[in-house]
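First comes one chain, alone, set out as structure tokens in the form predicted alone.
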């Protein structure tokens, strides 16, 4: 076995161990000076990204990769902690690493004048670790542990600007919702263990009988993970948390939110995959029932997100509500794919939802970075207090226009590719759903055109005559995101063929995920 094979074999554990070790070393490294701290953080992410990259190439070429913690010659490995990485989970890990790099680069300038940065970067690395753990683990209790770590780290980052009362309020709301949700997840895990004496997802999926308790477990997991993903009516925490956290960390908090959306996919398609299309409930196939429940909540999320964004005057809260609407589009696609399971357009819907997961992270992420740059320069959040910035912040203005066009699904940017797949597939299920989704995108365009005029194109206020452009590291972070969005928009088939289709196939072909463990290692 050569060195590359050894690195690939150990990569699932190293992807977690490296940022975790970096988080513990960060307070010590920060005592040297800020430059060393920044370089150290970048090296940690580069090393982690290297292992994510080589693991991705292996998984996409050879199928799921299994990593068992401890000696591998012991009997019954499926009852022990293990990581199982398939194309869907590695797709999520790649998104997380992209968001992590952008967060770190943006933070160099945005946070440089703040105190407590040793704690700030430690929390960032802990959140990255927990998000990657949620995406790579094959153990449902392990998923719960990483979910708890992500909640604690996210809460601390949301409250980082402790002098702002609204930040503390948002953090308190977030931790209360997260703690209650985590309690129900733990309860669901206890019910699974009591019935099947197992915690491994593949093992549970193989023996799941869809008993009355299994129905309760499904509801609990979907409700909690849907809440953590920001699905209406459990979205209350999201606009506050996104709007009051330092904009430099909003992207990686979004990554943790998307990991909860990944949890929904894993529960539906893997844990309950064997019973999804073969079980009846109220004389309706289970997949149709679950699919239409998600579709209904998704449409409500889109409408509520757009409607609430229309009336916001706080720049960051407005983007937070637009994020709720974008979560709705993802759930709309996934719901349509589940409801139409077995049809050709079900696969199209699933691919659209998975691609939109990536696009949502980039599009909404770029808008938050722009809002952060505006706040960094003006120290203002309200749209009523900002005007005429395009005269002195030309690059930031261009980045906002790119984000605006992408988030509403205008060609040739990335949002168009995923939304077109969603509209096309959902139309096959029910044309009204597609029409509502398109109309809401048009309304979203109106919202951001209003913001564009108010913040950038309005009359120049005397207080902003001498403002300067955002610092270079912040512009670099925004430029990287914008470049990725343009690339995906111009060459969507490259991304779909290389990453999205394998991820969708991994969810639909749950037998391969289960067989990797149950079939022996």
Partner chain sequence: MDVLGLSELLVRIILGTLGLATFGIIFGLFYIGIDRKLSAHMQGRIGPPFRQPFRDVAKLFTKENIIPDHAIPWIFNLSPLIGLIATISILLYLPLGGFPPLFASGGDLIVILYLLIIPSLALVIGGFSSGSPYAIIGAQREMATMIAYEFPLAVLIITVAWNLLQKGITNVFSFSTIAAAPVWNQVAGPLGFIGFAILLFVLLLVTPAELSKIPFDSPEAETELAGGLLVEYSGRNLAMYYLTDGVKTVVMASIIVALFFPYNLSPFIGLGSYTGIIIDVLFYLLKVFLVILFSVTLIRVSIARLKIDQIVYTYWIPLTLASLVGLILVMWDQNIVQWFS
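Numbering follows the first chain given and starts at 1. All values derive from a computational prediction rather than experimental measurement.
Although it is not shown, the form predicted together with its partner chain is what the next lines describe.
Participant: At 4.5 Å by heavy atoms, is each residue in 390, 439 and 445 next to its partner chain in the model of the complex?
Facilitator: Verified in the model of the complex; spot residues all in contact, yes.
Participant: Between the options 117, 208, 398, 264, which residue brings a heavy atom to within 4.5 Å of its partner chain in the model of the complex?
Facilitator: The option sitting close enough to the partner is 398.
Participant: If the cut-off is 4.5 angstroms on heavy atoms, which of these, 144, 427, 101, 375, is the one near its partner chain in the model of the complex?
Facilitator: Residue within 4.5 Å of the partner: 427.
Participant: Is residue 196 part of the interface with its partner chain in the model of the complex - any heavy atom within 4.5 Å?
Facilitator: Output for residue 196 is no: heavy atoms all beyond 4.5 Å of its partner chain.
Participant: Residue 394 versus its partner chain, in the model of the complex: is there a non-hydrogen atom within 4.5 Å?
Facilitator: Residue 394 belongs to the contact set for its partner chain.
Participant: Give a yes or no for residue 453: in the model of the complex, does one of its heavy atoms lie within 4.5 Å of a heavy atom belonging to its partner chain?
Facilitator: Residue 453: contacts its partner chain in the model of the complex.
Participant: Residue 36 versus its partner chain, in the model of the complex: is there a non-hydrogen atom within 4.5 Å?
Facilitator: No, residue 36 stays farther than 4.5 Å from its partner chain in the model of the complex.
Participant: If contact means any heavy atom within 4.5 Å, which of 454-462, 37-45, 473-481, 58-66 contacts its partner chain in the model of the complex?
Facilitator: This holds for exactly one stretch, 454-462.
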